[in-house]
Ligand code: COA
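Okay, here we've got a single chain as structure tokens, the form predicted alone, with questions on binding and movement later.
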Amino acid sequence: MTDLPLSGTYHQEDGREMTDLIETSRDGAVQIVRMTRPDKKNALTLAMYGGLADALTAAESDDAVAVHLLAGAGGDFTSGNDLNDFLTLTGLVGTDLERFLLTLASLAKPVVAAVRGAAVGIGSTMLLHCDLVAAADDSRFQFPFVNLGLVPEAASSLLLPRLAGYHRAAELMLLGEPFGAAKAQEIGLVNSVVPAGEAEAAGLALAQRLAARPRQALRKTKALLKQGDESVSERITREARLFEEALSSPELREAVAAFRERRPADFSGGR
């Protein structure tokens, strides 16, 4: 099995509703969505999945938000599903868990994750849908599904082999053993590894760097990167079409003006 806890308990001793355990805050054009159940290592309930989906959906339609940042309160990202809650399920279709996964996978704006401590199950699979990931050197990742008599979720059986190659993905999925931040970076699951305690600051810094970029160009480039079922010639044609549209964009005019005027470009007015 694992040396990491895989669940908490369903009840919350401080009396807060589970939907209150997803908190949002704003830092400039970055919306931070934080799982706040640290006493249970941020184990996720169905209500918390609903809160995550709602927060991401609201930020996606907010023109003031350019980038999403996912984080966990306390010393962990998330230890995965709250098993007491999860075992009440008879299926996933139509649940808030499915809604969260479909929302995360379809976000047009960039998503950054700041990981520390436990990133178990959904804590690892959701990273496959993020665009940039900063992880603390004490982070512990795991795909424990086989060990629990389950199969992978969040399209991880498709995305992890694409990212890491079949044999590495098979090792991680079939054995289901924990692995550290260095291996996560080696296989491409995270972009950078920072000292313990610095993950959220590193993630926010990445998010702020993205937020300073032209927003329409960011979203269109993300969409191109996520679309993998085209031939080379089809992709050349689609890129050319988008490139032509960008030639008349306000973002290009601002980038050129800033270059000529020797000043930083300001893309904050973009949508």
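Just count from 1 along the sequence shown to find any residue number. Nothing here was measured: the structure is a model prediction, and the numbers come from that model.
Missing here is the form predicted together with the named molecule; even so, the following discussion is about that form.
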Item to check | Three-residue site F86, A118 and R140 fully in contact with the named molecule in the predicted complex at 4.5 Å by heavy atom | outcome: yes
Checklist entry - Exactly one of D96, E200, D131, D82 has a non-hydrogen atom within 4.5 Å of the named molecule in the predicted complex; which residue is it? => result D82
Item to check | Selected contact from L52, A43, L70, A66, since only one has a non-hydrogen atom within 4.5 angstroms of the named molecule in the predicted complex | outcome: A43
Item to check | Residue stretch of 74-82, 182-190, 155-163, 169-177 approaching the named molecule in the predicted complex, non-hydrogen atom distance within 4.5 Å | outcome: 74-82
Item to check | the named molecule contact in the predicted complex: E239, any heavy atom under 4.5 Å | outcome: no
Checklist entry - How about E60: is it within 4.5 Å of the named molecule in the predicted complex, going by heavy atoms? => result no
Next on the checklist: So, P144 and the named molecule: in the predicted complex, are they within 4.5 Å at any heavy atom pair?
Outcome noted: yes
Item to check | Touches the named molecule in the predicted complex: A105 (any heavy atom, 4.5 Å) | outcome: no
Checklist entry - Going by the named molecule in the predicted complex, which residues of 238-265 come within 4.5 Å of it through any heavy atom? => result none
